[in-house]
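Let's start with one chain on its own, the form predicted alone, as C-alpha cells.
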C-alpha cells in the first residue's frame, strides 16, 4: 500500500511509546500530586459523612490529615513497606465511590471518636468486637518511670537498695576508685552481709590486690567479710598475702600451716610440718605445731615397725587382735590408746611406750588413766587395771586411788564385761553411800548391798533385801547369819 507524504510524516512522528524526558509524568512530584488528590478525595467523603463535626482531623503524629507533610510521609512509608525502587510506577489510588452511607452506622471519624451515627444503638466496644470493622490503635509509649529498671544510672545508695530487694542491678558503671569505695561504704552501712560480699567480689575483680588491701585495712567490717569469703573459696595464697600486707604474721603463719591438709603423702607432710616450725607463730601455736610434727614423725616409725612385726607373725597380740587401721595421722589420744593396747609394758626409752608418749606430749593423769583403762579392760587384763589404781605410801601400805570418781571406773568396766567380783571391788570404793547402793543394785553386786546395810545397822532394809534374793543362794544365807548375830546393835 502506498501512503501519501502527509501520512508518512504522521506515521514517523507519532508512536504509542513516549521518549524519555525530564518532564515525565511518573516522576516523584507527579506521584506526590496524585497522592494529595487521593487524600483530598477521601477527606471530602469523610467530611460529607460527618458534617456536624468541625474538629480538625489530625494523624497520630499530630499533623493535619491531607497536608503536604502528611502526604510526603505517607508516600515514603508506602515506598519502604513495599520495597519499590525509584523506576517503578507509583501505585494508582482508585477513588471510586465507597459503599453507600446507609450500609454502615459509622463514619471514619466516628470510629476514632467512639461515636455512632444517629439512629444506631451499637456501642463502641461492640463495634470493635466485629472483625469486619475492627481497628487497631498503636500502642502508647510507657511512662519513663517504668523504664527505670532497665537503666543502670543509679547512685550507690539506689544500687544497694536494689541489691537488697533482689532487683536487677549493675556494678559496672562504678568505674572510678571513689565510686567503688562509696558503693562499698553504702553496702557496709546497709548491714547486709550478702550485699557486702557481692560488692567485694566486684572490687576483687576490678581492683588490684594492693589497692584493695590498702582500702580494706581501714574498713574492719568489710575486711572480716573479705577474709571469710577467701576462706570459703579456698584462696589460701591470696589470704596469706592479705595477712602479710597487714603485718598479721601470726594469722599468715596459721594459714600456711593449714596447707598441710592438702599434702597426702606422710613423709612429705612431715617435711612440710618441719618447715612450718620456722614460721612466726604465737607461743601456744608454736607448741602445737611442734607436737604435731613430733607425733607424725613417731607415728611413721611405729607404723613401719608394727607392720613388719605383724607380717612376720612374731607377736601374739597381733595374731589375736589384728590391726584394723593404720595409726598414721591419728590424734594423740588415739595413738596413746594404740600404744596401751599393743605396746603396754614396754620400757620408757621406746617411741611406742605409753609412758614415753605420756611424758613427751604432756598428757594429764586423768586423760592417761581413762585411755589406758579402756585399752586394758578391752583386753580383759584385770591385773593391769588394778595396777593403774594401786599406790604405796611411805610405810609400804597399798591403797587404790584415782584422779576420777570410782563410779566412772565401774561404768567403764561394766561396758567391757568385767566379772562381778571385779565390779564389786570398785563399787566398794565409791564413797557416797546412796550412789554405792544404786550401782550395786544396778550391776547385781549383792555382797556390797548386804555389807553396806550391815555397816549402817539398818535391819529393816536388810530384811527387805532378803526377800529379793533366792532362798537357796549364798546371799540369802549370809543375810540370815547377820540378822541372827546378837552382838550387832541395830538402829531399827
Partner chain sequence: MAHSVRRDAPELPDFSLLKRLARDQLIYLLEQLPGRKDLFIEADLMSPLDRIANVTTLKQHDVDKLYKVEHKPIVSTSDQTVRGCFLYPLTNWFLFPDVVNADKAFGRFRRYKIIFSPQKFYACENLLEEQGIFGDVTTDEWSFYLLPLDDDIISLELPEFFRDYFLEGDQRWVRTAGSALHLLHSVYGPFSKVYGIGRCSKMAYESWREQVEEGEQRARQAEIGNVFLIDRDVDLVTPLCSQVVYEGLVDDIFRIKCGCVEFCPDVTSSDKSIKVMLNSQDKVFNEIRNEHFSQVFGFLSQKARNLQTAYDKRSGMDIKQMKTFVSEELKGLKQEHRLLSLHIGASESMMKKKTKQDFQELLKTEHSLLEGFEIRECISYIEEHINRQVSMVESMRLLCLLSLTENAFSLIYSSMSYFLSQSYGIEHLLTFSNLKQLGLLVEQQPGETLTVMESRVGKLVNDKTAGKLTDAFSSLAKKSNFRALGRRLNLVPKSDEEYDLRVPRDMAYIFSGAYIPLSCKLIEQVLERDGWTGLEEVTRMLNGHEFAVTAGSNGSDARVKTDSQRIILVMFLGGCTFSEISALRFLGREKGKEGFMRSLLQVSTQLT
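Since we're looking at a predicted model, the values are computed, not measured. Numbering follows the first chain given and starts at 1.
Below: the form predicted in complex with its partner chain, not depicted.
Trainee: Does its partner chain come within 4.5 Å of a heavy atom in each of 231, 285 and 366 in the model of the complex?
Mentor: Yes, the whole trio is in contact, each within 4.5 Å by some heavy atom.
Trainee: Which residue, 355, 177, 246, 198, is the contact with its partner chain in the model of the complex, using a 4.5 Å heavy atom cutoff?
Mentor: That would be 198.
Trainee: Out of 277, 301, 263, 221, which one falls within 4.5 Å of its partner chain in the model of the complex, going by heavy atoms?
Mentor: That would be 221.
Trainee: Can you tell me which of 308 to 316, 346 to 354, 156 to 164, 374 to 382 lies within 4.5 Å of its partner chain in the model of the complex, counting heavy atoms only?
Mentor: Correct option: 156 to 164.
Trainee: Heavy atoms within 4.5 Å of its partner chain in the model of the complex: does residue 257 have any?
Mentor: Because a heavy atom of residue 257 falls inside 4.5 Å of its partner chain in the model of the complex, the answer is yes.
Trainee: Please tell me whether any heavy atom belonging to residue 289 falls inside 4.5 Å of a heavy atom of its partner chain, as the geometry stands in the model of the complex.
Mentor: Yes, contact at 4.5 Å.
Trainee: Even though the partner isn't displayed, in the model of the complex is residue 420 close enough to its partner chain, meaning a heavy atom within 4.5 Å?
Mentor: Residue 420 lies outside the contact set for its partner chain.
Trainee: Heavy atoms within 4.5 Å of its partner chain in the model of the complex: does residue 270 have any?
Mentor: Output for residue 270 is no: heavy atoms all beyond 4.5 Å of its partner chain.
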